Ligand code: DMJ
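Next up: a single chain in structure tokens, the form predicted on its own.
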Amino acid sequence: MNSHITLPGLLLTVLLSMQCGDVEKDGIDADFYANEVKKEFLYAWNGYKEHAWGYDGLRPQSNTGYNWYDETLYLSAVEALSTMYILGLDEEFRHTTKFILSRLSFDKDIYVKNFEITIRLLGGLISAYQLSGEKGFLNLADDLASRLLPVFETPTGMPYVYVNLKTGVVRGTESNPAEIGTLLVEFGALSKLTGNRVYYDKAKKALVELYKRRSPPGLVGTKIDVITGDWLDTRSHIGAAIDSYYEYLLKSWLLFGDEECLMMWEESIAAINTYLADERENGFWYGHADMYTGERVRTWYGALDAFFGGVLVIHGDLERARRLQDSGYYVWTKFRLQPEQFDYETETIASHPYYLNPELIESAYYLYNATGDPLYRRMGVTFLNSLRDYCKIGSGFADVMNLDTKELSDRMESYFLAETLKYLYLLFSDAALLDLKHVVFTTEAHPIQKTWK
């Protein structure tokens, strides 16, 4: 990649060069489609560079930039780095690395959301350090994490929602399992790389304290007060506000060998399959249930829920993973994209937007990686065509705000560069093998390599 490449970077390079077989064996020209995805990444990335360079993100219709907060944190630039590396865009990677290391600072008097900044920026910086060997990325990650630490100072150890990066003042006591439990991969990796145990300990305590508050059936709810530990919404599911909590239980065991995380995962997946799994004539789903009674309260399955197929693959449950992917793909083909929420009982859209989500594509990648079944690459062709047909506009790609009218927003989120196009590329490339003994993707698809013992 560059003259500063490290052994960890070389490890990922080796993993990405593994061959899965002949390009034509699936009946699909995989090299062709991988290159087509690369073209779309460059289209979106060049649109960002031309119209929104220095901002957090691109508005692809008005050709302007936007920031999440009062000051930029260069979210899209940081998020895109690991995708550039995997796509082999060496010059773009070097140029963006130089820009970020010379410009990015966290000494800003702004309140930021701990969860989003952790998965997007902290994870992106750690991954960039491992890929490039540039110590500046690790220094930035260490500085950022130290500024986020005040969020953990609650009576329960579960974090506040917001923190001021300059003053350390915190706020926001109503949180959810995803925002509380999706921190250990990033904070834990930083702890291993810097030798600062506090990062691992704080994130792990938050995860454990959340798990302790599960219901007798073993489920968690949608909202919780981090001061009192009381549940504010007892609906349980695998979708938004809970999703990546489950993902990180399993991935923290994979990355750190943390047996307690494995135990928490095994207890959780047993409850999920008992109370949330829903067999219907039109497919296999995971719905919503009351966390205390296990009673079905809603038959919704959404775009974010679709990540669970990939987690089931890692868990080793290929049978459920395949069936869940089939259900998600059924929804995608029914509406040409996957709605934010689908009511599988009535087969109607419950929430109409499609926010350029990567989750169904992510699970297709994991399934292809595990099985080599050409079905999942054929799904990938559908995903790529839909993104082009309905989301590509102006200088990039935009959210579809209504799947009936196909009305578009004027916003391209950084995760489209970090996740959606990365997983789509990996699905088609012969770099599709992922050695889970050494590499784990964060919930934002930043590869973290197990370089420690």
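Numbers for residues come from their place in the sequence shown, where the first is 1. All values reported here derive from a predicted model rather than from experimental measurement.
There is also a form predicted in complex with the ligand; it is not shown, and the following applies to it.
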Would you confirm whether the three residues Arg120, Ser244 and Glu444 all fall within 4.5 Å of the ligand in the predicted complex, going by non-hydrogen atoms?
yes
The ligand contact in the predicted complex: Glu359, any heavy atom under 4.5 Å:
yes
Contact between Leu304 and the ligand in the predicted complex at 4.5 Å, heavy atoms?
yes
Contact with the ligand in the predicted complex for Tyr415, defined as at least one heavy atom pair within 4.5 Å: yes or no?
yes
Of 236-244, 286-294, 156-164, 136-144, which is the one stretch near the ligand in the predicted complex, taking non-hydrogen atoms within 4.5 angstroms as near?
236-244
